[in-house]
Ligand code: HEM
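Have a look below at one chain only, the form predicted on its own, in C-alpha cells format.
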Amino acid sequence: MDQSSALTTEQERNIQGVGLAGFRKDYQQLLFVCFDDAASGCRLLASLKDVVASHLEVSSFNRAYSEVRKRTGRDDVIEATWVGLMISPKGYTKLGVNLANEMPSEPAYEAFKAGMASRAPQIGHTHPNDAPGGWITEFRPENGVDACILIASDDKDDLDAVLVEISDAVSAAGCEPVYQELSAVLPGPLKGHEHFGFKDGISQPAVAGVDPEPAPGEPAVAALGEFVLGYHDEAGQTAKVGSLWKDGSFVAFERIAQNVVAFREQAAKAAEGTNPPLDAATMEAKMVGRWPSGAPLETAPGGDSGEEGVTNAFQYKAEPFSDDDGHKTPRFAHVRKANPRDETQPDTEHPAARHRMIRRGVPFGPPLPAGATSDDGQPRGLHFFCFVADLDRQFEFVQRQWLNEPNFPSGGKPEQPNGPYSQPKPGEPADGPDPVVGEHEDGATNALHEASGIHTFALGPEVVSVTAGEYFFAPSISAIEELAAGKTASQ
C-alpha cells in the first residue's frame, strides 16, 4: 500500500464500509424504505447512525478473516454482521436537502439529482426488457424509494436478528418498508459464482491508499477520488463538496434478473458453424471472457486452468498477448467490453482507467440445475451495486458507450463526447454488443474472429433484464449524524 496517501484512522472511521471495503458476506438483506416526512426520516437516521459499519472495522475484519482462513482452511471461524445505508435523491429531498444548491450543475451530479429512472436514455435502458415502466412497482417512476438499508452477515440467524431490530426501528420512526429481498452466495461448488456459473467480482480496481499495490502486469492503482468524494481523482482534481457529501460515494443499484436457459441456448447456437468447432461451454466462456473458475481466456485460451489460473495480469494488445483481433478473448466478450484495459483510447476525453467502478454484487434466488433446458419459474439474478464518484462518466458511460455499443472496441473513436463509434474497417462486421449484459436490437449479431475467418452469429433474446433500480448516495457516518440532527445544508 502507498502509505504516503493512506487514509487516516479518522477518515477510515468516517467512510462507510459497504463500498470501499465491501461487506463480502454469505447473506445479504436489502430493505428499501420510504420516509413519511422529514421528521420520520431524521428519526430513522438517528436510530441507524451508531449501527452503520465503518470502513475501518470492515476492512480490518476482512484482513483478519483472510489470515484466519489461510491458516485454518476454514471459512466459519470468525463472523460479523454489518449494516450499510444509502439515500436516494428523492430521500434527500424529503429530508429537506436542496440538491440544486448542494450540488453543482455538472454531469457528475445531474445524473444523481435526476434519479436512475429519469436517466434511462443516458444509461441505455430503453428497451421493454429494461425500461423503468416495467420495473417492480415500488421502483417505477411514479413511486420510488427513499433509502436502502443493507444488512450483511456470515450467519443467517444473525442477519435475521439484526433485520428484526432494524425493521422495528423503521416502524418506530414512522417510516415504511416498501420492498425487501434476500440475496446469498450460491451453494456448493457455485459459491462465489453468479447464476450463469462464472466466478464473479474478480477484477476490482486497486484503490490508492486503501489496497495493496497491484501485481506486475495488473491494471495500475486508481486514485481514491474516482470512488469517494473529497479526494483527488486521476486528473488530479478534488470534488468541491461540503460535509454532507465528503467521504461518501454515489451508488448505482440494479436488480438484474438472469435468464439462465436463454444464456445456455445463446451459447449453443453461437457455437454452430465455428471453425475449429467450439462446444457450448467454450462459447459461454467466449461470451464472458473468462472460464467459470475466473481464469481469463487471454492467459488460458486452451481451457479452464482452474483457480490457480485466476489472474488480472493481462492485456489485449501488448506483448506477449497480441490479441487485437480477439482470437483468444473476443472483442465482444463481457470482460473486454466492461474493462478494455489497453485497447485504443476508448473515448475522446478519458483513458479507460477513468471509467472503472467498485462493484459489489450478490446473487438472489436458487441456482438452475446444470443441464436444465427449461426454466423452473424461480426468480434469480444479481443484486448489483457499484460505487463511483461520477455516475455519468463511470456507470452510465460504460453501459451505454461500451456494453451496448456494437462498434466498440474496434470501431473509430466518437467524433464528439458520448457520440457513437464509427464502423470498423471496410468489409469487417462490427464486434456487436456485450452478449451477456448489453442491450441489443432485434437482429443484432456478434463477430467471433477465428484463424479461419470471422464467424458471425445472431443474438437471441437478451439474457439479463433490469427489473428495478435507483441511484443512491452512501453518506459518511458524520453526514448521517448531521442529517439525523436535521441539518440540510453542508457545513
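Counting begins at 1, following the sequence as shown. All values reported here derive from a predicted model rather than from experimental measurement.
Keep in mind that the form predicted together with this ligand is missing from the display, and what follows is about it.
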Would you please decide whether Glu405 lies within 4.5 angstroms of this ligand in the predicted bound form, comparing each non-hydrogen atom pair? no
With heavy atoms only and a cut-off of 4.5 Å, decide whether Phe384 touches this ligand in the predicted bound form. yes
Does Glu265 make contact with this ligand in the predicted bound form, using a 4.5 Å heavy atom cut-off? no
Proximity of Asp200 to this ligand in the predicted bound form, heavy atoms at 4.5 Å: yes
Name the single residue among Leu48, Cys42, Val437, Leu31 that comes within 4.5 Å of this ligand in the predicted bound form, judging by heavy atoms. Val437
One residue of Val335, Ala120, Ala173, Ile166 in contact with this ligand, assessed in the predicted bound form (non-hydrogen atom, 4.5 angstroms): Val335
Tell me which stretch of 155 to 163, 254 to 262, 301 to 309, 277 to 285 has a heavy atom within 4.5 angstroms of this ligand in the predicted bound form. 254 to 262
Which residues, if any, of 381 to 399 lie within 4.5 Å of this ligand in the predicted bound form when only heavy atoms count? Leu382, Phe384, Phe395, Val398, Gln399
